[in-house]
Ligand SMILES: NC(=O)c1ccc[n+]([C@@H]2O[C@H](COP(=O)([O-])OP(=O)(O)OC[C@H]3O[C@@H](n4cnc5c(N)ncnc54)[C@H](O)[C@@H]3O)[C@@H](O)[C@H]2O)c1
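What follows is one chain in structure tokens, specifically the form predicted alone.
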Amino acid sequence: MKYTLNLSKQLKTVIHINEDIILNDNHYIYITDQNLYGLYKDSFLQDKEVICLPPGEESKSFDSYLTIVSYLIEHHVSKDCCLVGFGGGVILDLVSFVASTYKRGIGLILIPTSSLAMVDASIGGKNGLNYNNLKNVIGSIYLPKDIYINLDFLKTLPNDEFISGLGEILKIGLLFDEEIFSLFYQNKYLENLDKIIIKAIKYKIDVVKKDPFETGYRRCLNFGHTFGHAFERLYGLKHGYSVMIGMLIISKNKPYYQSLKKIVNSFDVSFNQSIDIDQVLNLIENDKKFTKEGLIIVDVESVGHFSFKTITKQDIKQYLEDFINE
């Protein structure tokens, strides 16, 4: 299967799903993390030029950015070179941002290795760095030439990372697809994994086609993310776990809430730390979706039906209090 994502007459990304990864004779530099390098140095990464970074969210930083750029400058890497991001969301976001800024833009190919990166981080061109405890506060939108999605890479993915990716697929189900949501509720998602991943990818492509630069409609993909990002930064939760918590917070009193809660509980998405409402509010006020009128959120009224609305700081506080006191 091959899907082509046309964002404009000038820009396109070809998404190869379960096809062989065949690159041409250009100069490629692979960027990955130490965990993946250890797993694939004698197979996929053998005989390739590789920049290897520490694993984890901490690598989505200016220090890592400068490490890569310094390497490129030191080795006289020209504009016709192509960077290949091989990894999960952290690596793909970081490498994409480097590619968008080094010499005002060089070639970029993404090879996601996690379920989260396959259905979310690799598609649509959004990238970014974290700074001063704020997630993705610096970034750009820059499209790769190709995305290679091979589900075999999931075989080496740790279980908590796999579940994190399921959070983004569950989000897609709530926004667009009752079947995906139902498969999670019936605990049949594993036997239908290929199906729900490919469905999620296709929905993401359709959304990005309609709004490539996130001027309106594409914001639907932020469902649960503003609250989720705050929990991710404050309490060190995996991204997908945090998004699931964010969706629960926003979905209180919705008709699907108890079903969503059952699904999230089945993944053991919980933490024992007390929630500091003021700290959460402070992070949310620095979110890019926060305007002078308030916070723009995605409001899913029922599975497959959503709208946008703006809530006030007091509303945000009430959502958090309701979640804490449940």
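Everything numeric in this text was worked out from a predicted model, so none of it was measured. Start at 1 and count along the sequence shown; that's the residue number.
One more form of this protein, predicted together with the ligand, exists but is not displayed; see below.
Partner proximity in the predicted bound form, defined as non-hydrogen atoms within 4.5 angstroms of the ligand, places exactly one of 250-258, 71-79, 192-200, 106-114 at the interface: 106-114.
Proximity of G88 to the ligand in the predicted bound form falls within the 4.5 Å heavy atom cutoff.
With a 4.5 Å cutoff on heavy atoms, I277 does not count as touching the ligand in the predicted bound form; it lies far away. For Y148, no non-hydrogen atom is located within 4.5 Å of the ligand in the predicted bound form, even though that partner is not displayed. In the predicted bound form, the ligand lies within 4.5 Å of some heavy atom of E161. Put simply, of F153, Y241, F181, F227 only one has a heavy atom within 4.5 Å of the ligand in the predicted bound form, and it is F153.
Put simply, of L134, L157, L175, V207 only one has a heavy atom within 4.5 Å of the ligand in the predicted bound form, and it is L157.
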